[in-house]
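Taking the form predicted on its own, here's one chain by itself in structure tokens.
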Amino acid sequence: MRRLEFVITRFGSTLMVLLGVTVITFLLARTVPTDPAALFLGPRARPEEIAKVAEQMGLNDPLPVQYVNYMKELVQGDLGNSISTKRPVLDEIFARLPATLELLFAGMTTAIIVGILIGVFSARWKDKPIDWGGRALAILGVSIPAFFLGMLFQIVFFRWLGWFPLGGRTSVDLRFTSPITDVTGFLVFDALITGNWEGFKDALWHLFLPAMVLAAFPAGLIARMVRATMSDVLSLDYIRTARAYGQSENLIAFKLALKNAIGPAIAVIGLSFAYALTGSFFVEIIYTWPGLGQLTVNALLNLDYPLIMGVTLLGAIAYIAVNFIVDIVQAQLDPRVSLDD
């Protein structure tokens, strides 16, 4: 299969999956036993007002007609208006998205670095104390639920040691002492590029604990995968030849072996990245992080189905896009996988 045909095939399957996601979320939202028009107007709305709004929202049309209308608006980038805030769903999502992405990037960057290091060192000193410790950390990372680890970190690092804040993105008084200028929505980066060192330190300190909690699960998965593939690669002939020529163990591990062992780990990294997008919701609730997690919980409590559908669709797009990118990257890095066959 030629490279272009591979990409087109993957893209077509991606569109089919997204179409299926829209159908499922649309049907589930419409089966919720509530009246969206009544929720939109509030508890004191009169029956005639509810009927008028239901007509305007197209809720009286048959489900197939409602779905077609929804898809027409979706193609134009219109996800509707939030029932609880009356604002466009896209505006609500984009207002919270930078906070979630900042947490996601910090957590996944930590997970990739820590996971690869643990995996490499565990494979290099296989069945030694370093390997036992690395495997124990990896098992703990994938075994402990995020909500439990988050609360445990709060008890240890906030209540007992007092090293890190309990939650939030910044301190309450920072807006009065050293307010961070909003440039990209990523507070740590915005404070850095504007030279706000007090704000940078405060935002980084608030980011540390939730990022560590979010990184625990993917770091454990990456470490276990890297250790398994590195153990196989380190037993190959070209590695023994490199040792015979007197190459250093660090050069062998991180340049020669890791390059050929990282391919299978790329898939795990990609899946972990997609998982962390939704897994961050638990972390956001525990640490009062004003991202998509809190937005989604409020939407569920308020039965705000346009907002629920918007966040669900965003998560599906991110998950599918990451898988698509992983397939391409893995084929480029792993010589055993070819797009041209």
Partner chain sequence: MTDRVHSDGTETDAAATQPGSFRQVVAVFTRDRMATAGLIIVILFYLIALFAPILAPYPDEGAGKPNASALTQPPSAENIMGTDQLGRDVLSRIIIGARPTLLVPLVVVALAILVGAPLGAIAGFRGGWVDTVIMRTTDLFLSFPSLLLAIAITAALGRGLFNAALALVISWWPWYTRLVRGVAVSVRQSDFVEAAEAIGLTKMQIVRKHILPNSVTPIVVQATIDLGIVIIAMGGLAFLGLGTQPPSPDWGLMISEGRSVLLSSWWVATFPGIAIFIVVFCFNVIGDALRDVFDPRTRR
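Positions refer to the first chain, counted from 1. Being a predicted model, the structure only gives us computed values, none of them experimental. C-alpha atoms forming the largest set that superposes within 1.5 Å between two forms make up the rigid core.
Just so you know, the form predicted in complex with the partner chain exists too; it's not on screen, but the next bit is about it.
Undergrad: In the model of the complex, does residue 133 come within 4.5 Å of the partner chain, counting heavy atoms only?
TA: No.
Undergrad: For residue 225, is any heavy atom within 4.5 Å of the partner chain in the model of the complex, or not?
TA: Close contact exists here: in the model of the complex, residue 225 approaches the partner chain to within 4.5 Å, heavy atoms only.
Undergrad: Does residue 20 reach the partner chain in the model of the complex if we count a contact as any heavy atom within 4.5 Å?
TA: Residue-level check for residue 20: yes, a contact with the partner chain.
Undergrad: Using the partner position in the model of the complex, report whether residue 24 sits within 4.5 Å of the partner chain, counting heavy atoms only.
TA: Yes - in the model of the complex, heavy atoms of residue 24 and the partner chain come within 4.5 Å of each other.
Undergrad: Pick the stretch from 107-115, 225-233, 72-80, 207-215 whose residues have a heavy atom within 4.5 Å of the partner chain in the model of the complex.
TA: Correct option: 225-233.
Undergrad: Which one of 252, 188, 268, 101 is close to the partner chain in the model of the complex, taking close to mean a heavy atom within 4.5 Å?
TA: So the residue touching the partner chain in the model of the complex, by this definition, is 268.
Undergrad: In the model of the complex, do 148, 155 and 221 all put a heavy atom within 4.5 Å of the partner chain?
TA: All three within 4.5 Å in the model of the complex.
Undergrad: Across 275-296, which residues bring a heavy atom to within 4.5 Å of the partner chain in the model of the complex?
TA: Counting only heavy atoms within 4.5 Å of the partner chain in the model of the complex, the contacting residues of 275-296 are 275, 277, 278, 281, 282, 285, 286.
Undergrad: After the core is overlaid between the shown form and the other one, has the C-alpha of residue 243 moved by 2 angstroms or more?
TA: Result for residue 243: yes, a 2 Å-plus shift.
Undergrad: When you overlay the rigid core, is the Cα of residue 281 off by 2 Å or more between the shown form and the other one?
TA: False for residue 281: its C-alpha shift is below 2 Å.
Undergrad: Is the C-alpha displacement of residue 19 equal to or greater than 2 Å between the shown form and the other one once the rigid core has been superposed?
TA: It does, since the residue 19 C-alpha is displaced 2 Å or more between the shown form and the other one after the core fit.
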